[in-house]
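Quick heads-up: it's one chain on its own, the form predicted alone, in structure tokens.
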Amino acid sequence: MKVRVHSHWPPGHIRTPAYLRGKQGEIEREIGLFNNPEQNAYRLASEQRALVRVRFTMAEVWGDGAETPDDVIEAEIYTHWLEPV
């Protein structure tokens, strides 16, 4: 499934890499449910969130500056940071 990482910049402890915000990738696999680290960081009651591994091409992440555009990077991202494309 193709997804886009949300491109918002909330203050505080965020586990989504800044360089992937706004980028499109494809869900490679589901990891499971975990406590939301953005809430855990502040010792708040945390909700269970689905974590997935998303695959991005270097061309998508770095644009024309990608040395090897067809290579990929994979990142584990919570689904509340993703939207379908």
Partner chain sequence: MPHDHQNDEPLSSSGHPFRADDDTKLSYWQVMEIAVRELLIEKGHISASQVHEQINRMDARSPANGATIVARAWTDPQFKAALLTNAGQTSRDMGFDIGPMQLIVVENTNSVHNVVVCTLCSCYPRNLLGLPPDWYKSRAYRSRTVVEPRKVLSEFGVEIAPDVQVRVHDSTADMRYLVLPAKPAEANGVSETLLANWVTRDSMIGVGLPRAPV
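Residue numbers count along the first chain shown, from 1. Please read all numbers here as calculations on a predicted model, not as lab measurements.
One more form of this protein, predicted in complex with its partner chain, exists but is not displayed; see below.
In the predicted bound form, every residue of the candidate spot (I14, R55 and Y78) has a heavy atom lying within 4.5 Å of its partner chain. Although the partner is absent here, I31 lies within 4.5 Å of its partner chain in the predicted bound form, judged by heavy atoms. For D64, no non-hydrogen atom is located within 4.5 Å of its partner chain in the predicted bound form, even though that partner is not displayed. By the criterion of a heavy atom within 4.5 Å, I27 is excluded from the residues contacting its partner chain in the predicted bound form. Within 4.5 Å of some heavy atom of its partner chain in the predicted bound form lies at least one heavy atom of L51.
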